[in-house]
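What follows is one chain in structure tokens, specifically the form predicted on its own.
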């Protein structure tokens, strides 16, 4: 039976690759590399660099494939994402059927970790439910942007005895900060949702291109650095054509909140 490895490759730094991930790359006959278009060519290029650096299996080959662009949410976010995932599932199915032999092994290189705000596992489950191709699945974890953010700011994600919430920019805008967590990590925020919060005394630890040579870190009181983050983010996005960023919000109360 075909085998698929879903490998977390870290948040953007090739040094994030674990020994387990490198071993997985070298077990694969086919390395599947997504291409999200010219504006995000850096993302595909990093995957190519990782393969150049770590793959020693002379029998492996690379297959690059185009990823369709998600439509703007209309009439609903969930239905738009569902349609997008269905289109990608059709691509995955074709790749598995056409590029892997019946006993072959393929690897998807997933930014960060496959379990955290990435849909590859859900999409592969769609492919499985279609029943047209059979495969076994193995997941290899990777370093997430959340871990890289904490490392960059030299901080612990949690306070002693306190809970952490991980949410998205869209939900932060709609619902505000969760009531049951002292620290909130926000991902997938393309519109600077922190700017919608009334409490400007919150401490924000923000980072973009985490772990890479282009890493940008800003932290401080939201009312003091919010505008700086928005300006810096827009300038970086315009310069590179894309941006990946995340941040942590919490009420002040520990020394490192203002010193990092």
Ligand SMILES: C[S@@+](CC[C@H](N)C(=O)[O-])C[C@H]1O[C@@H](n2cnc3c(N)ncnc32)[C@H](O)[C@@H]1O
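Residue numbers count along the first chain shown, from 1. Not measured: the values here are computed from a predicted model.
What comes next is about the form predicted in complex with the named molecule, which does not appear here.
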Please state whether every one of the three residues 116, 144 and 187 places a non-hydrogen atom within 4.5 angstroms of the named molecule in the predicted bound form.
yes
The named molecule in the predicted bound form: contacting segment from 131-139, 101-109, 85-93, 117-125, heavy atom within 4.5 Å
117-125
Could you tell me if residue 244 has a non-hydrogen atom within 4.5 Å of the named molecule in the predicted bound form?
yes
In the predicted bound form, residue 21 touching the named molecule (heavy atom, 4.5 Å)
no
Non-hydrogen atom contact residue 208 with the named molecule in the predicted bound form at 4.5 angstroms:
yes
Even though the partner isn't displayed, in the predicted bound form is residue 11 close enough to the named molecule, meaning a heavy atom within 4.5 Å?
yes
